[in-house]
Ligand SMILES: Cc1ncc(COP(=O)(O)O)c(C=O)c1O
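The form predicted alone is given below as one chain in structure tokens.
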């Protein structure tokens, strides 16, 4: 017998995905998603919309090329200056997506180290960046900084010195909804001469008194020679694109070795304009972050979830209860997606709720009512 046709082989792959409960479907059209990352509802803010429209009329629809060729519109530099000031960083580099920012930063900066430590629950973009780096990788249990310390000590005893290493983590984990122990991780890399790369994507605009992210929330200042921050404009800032906030020397390395930067078309000027307006708006201290914090606190209280500033609230339980909760919400036009492995670890499927300023009070009441009707559901984060 010959080899199966490509369509037959594809069918086998789909059957395997189905058997593992990993089959993905697009959400229903016209429903209101409760998993939006538009935490501050800025994607509908009049100032962002007007800025985008004005720049669209002025500069057209596309960037026309990568920033190294024809796409380096002056707004790129304005946005980099604004986001570096917002993050208290000496410099920044803008990317077309947050995914590219993570992949490019880790891929390029891994050339400085021999060993990468990756949190077991890191986002796929961080994992793919680590693969791109092609360095020895140690995956540590979620948020267990002491595991890193023990492993480093074991390596020091074998070789006589600590290896050159970088720890890769998130400040606010997008599926767990919990926060990274940044103070402890900073101490680990400071005391053992390592680097720390922190993905601040879901923390930017949501935590910290002014929405500056994980380090502000932890009451920490960060050393750009020791710490690299990545992030995105596509979540609380309501737009599209990513950034790396870092030491100017690291920025120079990314300009030449950041593959996602070098080989991708730049962001359209209209997107840059709306991103820039979002950063300016957030920097004005207009109460948006505080309003989100109050709403998060209310929802967490109604769902008996742990106290936390995180707007990401995973709803855990057996699949039947989760599906019933999902169906009740869908009957009222609210869509709460069920997240399956491999996006989350095996056996930990969940409904991921993302509290935003776009939520209406009636939605919150329905969520709480349907949640408490089901037996065995638990809100985490």
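Quick caveat: nothing in here was measured; it's all calculated off a predicted structure. Positions refer to the first chain, counted from 1.
One more form of this protein should be noted, the form predicted together with the named molecule, which is absent from this view; the next part is about it.
Shown here without its partner, the chain carries 102, 125 and 201, all of which come within 4.5 Å of the named molecule in the model of the complex through at least one heavy atom. Contact with the named molecule in the model of the complex, judged as any non-hydrogen atom within 4.5 angstroms, is confined among 270-278, 307-315, 159-167, 229-237 to 229-237. For the chain shown alone, residue 214 is not a contact residue for the named molecule in the model of the complex, no non-hydrogen atom being within 4.5 angstroms. Residue contact with the named molecule in the model of the complex: residue 143 places no heavy atom within 4.5 Å of it. The named molecule in the model of the complex comes within 4.5 Å of a heavy atom belonging to residue 97. Although the partner is absent here, residue 260 lies well away from the named molecule in the model of the complex, with no heavy atom inside 4.5 Å. A heavy atom within 4.5 Å of the named molecule in the model of the complex is found for one listed residue only; from 76, 118, 174, 264, this is 174.
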